[in-house]
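Here we start with a single chain on its own, the form predicted alone, put down as C-alpha cells.
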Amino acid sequence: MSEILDTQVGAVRYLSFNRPAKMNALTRDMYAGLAHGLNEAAGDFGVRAVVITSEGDHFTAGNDIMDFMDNPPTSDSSEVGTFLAALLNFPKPLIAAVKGNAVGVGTTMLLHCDVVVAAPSANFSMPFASLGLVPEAGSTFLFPALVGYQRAARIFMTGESFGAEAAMEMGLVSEISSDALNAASKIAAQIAEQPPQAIINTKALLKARQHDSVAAVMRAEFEIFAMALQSDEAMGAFMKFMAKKGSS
C-alpha cells in the first residue's frame, strides 16, 4: 500500500498521507509522492482542485527523523526541495483537511494552501529550533506576515503548539469542523464548479505580490536548514529527541 494515497472524485484530486502507524511522519519517498501528485494535478485539465488530507488520527508528525538522519536533504533537487517547489508553484486551488498533530512541515505547508479546514483535535507546532534547525517552506516570511512578528517569533523560538481555535483566530485556518475532510471536500467541489481559468488567474493574482519573495526566502531557508542538519547541535537535539521518544 502506498504511503501517499492519490485518488480523484469528480474534478477534485485527493493526496492523503497513509502512514498512520507512524503518525504519518514523512519520509523522502512520501515527499516524492506528494511532489509527483501535485505536479501531475497541475498539468491535468480534469483536476480543478486538490485536497491534502491524512489517514488515521493525525495529519503528520512532520519529518521522519531517522530517515532524515540517514539521508539529509541538502539540495534543492532532493525530494523535500522538489515538494516545496511544487507547493510554491501549484497553480490550482489547494485545500487541506487537518486533524490531530500537524508538526513542522505539517504546519508550514498549510501556509501555501488556499483554504484550510481543521478538526477540533488539530494541534499545530513548528519545533524546528528545538531540533537545532530553522523553519522551512517559506514560513519565516509567510507566518509573520499572517500573525505578526512577535507572535511568529515566540512560536518559532519556543516550539510551543497551538490548537484549532488559535489557528483560526490567526487566519491559518478558515473553518473548524467535526468532519474536516467532508467540509474541505464540499469547498473543493464548490470551487471545482467555477470557471477554471478564472480560478487559476485569481490564485495567481492573490499570490503575485509575495511569490518571488517567498521563493527567495525558501532558498535561503533551505541552505541554512541543510547546513544545520549536518551540525553537532542538530545531531545532539535529534539524539535527545529520539531518547525522549524511546522512553515515552
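The model shown is predicted, which means the values in this text are computed figures rather than measured ones. A residue's number is simply how far along the shown sequence it sits, counting from 1.
Keep in mind that the form predicted in complex with a small molecule is not shown, yet the notes after this line are about it.
None of 99-107, 168-176, 77-85, 145-153 except one has non-hydrogen atoms within 4.5 angstroms of the small molecule in the predicted complex; the exception is 99-107. A heavy atom within 4.5 Å of the small molecule in the predicted complex is found for exactly one of Ile65, Ala32, Ile200, Ala42: Ile65. In terms of contact with the small molecule in the predicted complex, the residue from Val214, Val51, Leu38, Ala61 that brings a heavy atom within 4.5 Å is Ala61. Contact check for Ala21, Ala25 and Phe128: all three have a heavy atom within 4.5 Å of the small molecule in the predicted complex.
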